[in-house]
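Quick heads-up: it's one chain on its own, the form predicted alone, in C-alpha cells.
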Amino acid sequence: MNTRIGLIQGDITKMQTDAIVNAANSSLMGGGGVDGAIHRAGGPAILEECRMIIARQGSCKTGDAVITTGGMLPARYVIHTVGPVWNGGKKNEDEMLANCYSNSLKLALAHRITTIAFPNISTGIYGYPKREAAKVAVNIVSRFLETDHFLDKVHFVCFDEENHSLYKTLLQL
C-alpha cells in the first residue's frame, strides 16, 4: 500500500485538494454525474474556461486532459478528462482509460499540483465495468508515483459503496 494514495467515499466537489479530476464529456460543457456536479458546484468560471478551451482546440478527445480554474470549489483547479465509453473491451478502452489517468497526472505536474482527487472515470453512464476501471486506475497511479516524487497525495474519491469496496480491496486497506 502506497501511503501517498488515499481512498475516500464521498463527494469529490468537497475535496480540499489542489485539483480534482472531472470525468468530462468531449464538449466540456457539463453533463450528468460527476461532470454536472462539478460544474454546478464550481459555478460559471469553469464553464467559461471550458468554452475558451473548445474555441482554441476543439473538443477534448477521449483520454486527453485539460485544466481550468476550480471556480467556487475548494480545489484550485479542475482537470477535465474524457473517459471511454465501454464497448465490451474491444476498442482499446483500457488504453484510453489509462491515458485519462496518466494525462491528468502529467497536467498536474506541469501546474505544480501536489494533491489531486480522482473520481471513478467512465463507470457511470459510460458503462465501464467498475472492477476493471478500478484496476486500471490503481495500476496507472501506482506506477506513476513510483517515479514521481512531486505529488504528495492522490485520492480516489468514490461516490458509491461498490466502487469504494473495490478500491479498498485493490489498495489493500
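This is a predicted model, so every value here is computed, not measured. Residue numbers here begin at 1 and follow the sequence given.
Although it is not shown, the form predicted together with adenosine-5'-diphosphate is what the next lines describe.
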Since only the chain is shown here, I'm wondering whether G124 would be in contact with adenosine-5'-diphosphate in the predicted complex (any heavy atom pair within 4.5 Å). yes
Going by a heavy atom distance of 4.5 Å, is G32 a contact of adenosine-5'-diphosphate in the predicted complex? yes
Heavy atom of I12 within 4.5 Å of adenosine-5'-diphosphate in the predicted complex: yes
Touches adenosine-5'-diphosphate in the predicted complex: P119 (any heavy atom, 4.5 Å): yes
Using a 4.5 Å heavy atom cut-off, which residue among I140, L107, C50, A37 comes into contact with adenosine-5'-diphosphate in the predicted complex? A37
Kindly confirm or deny that T62, D64 and V136 each have some heavy atom within 4.5 angstroms of adenosine-5'-diphosphate in the predicted complex. no
Heavy atoms, 4.5 Å, adenosine-5'-diphosphate in the predicted complex: which of 124-132, 141-149, 51-59, 65-73 makes the cut? Say which one. 124-132
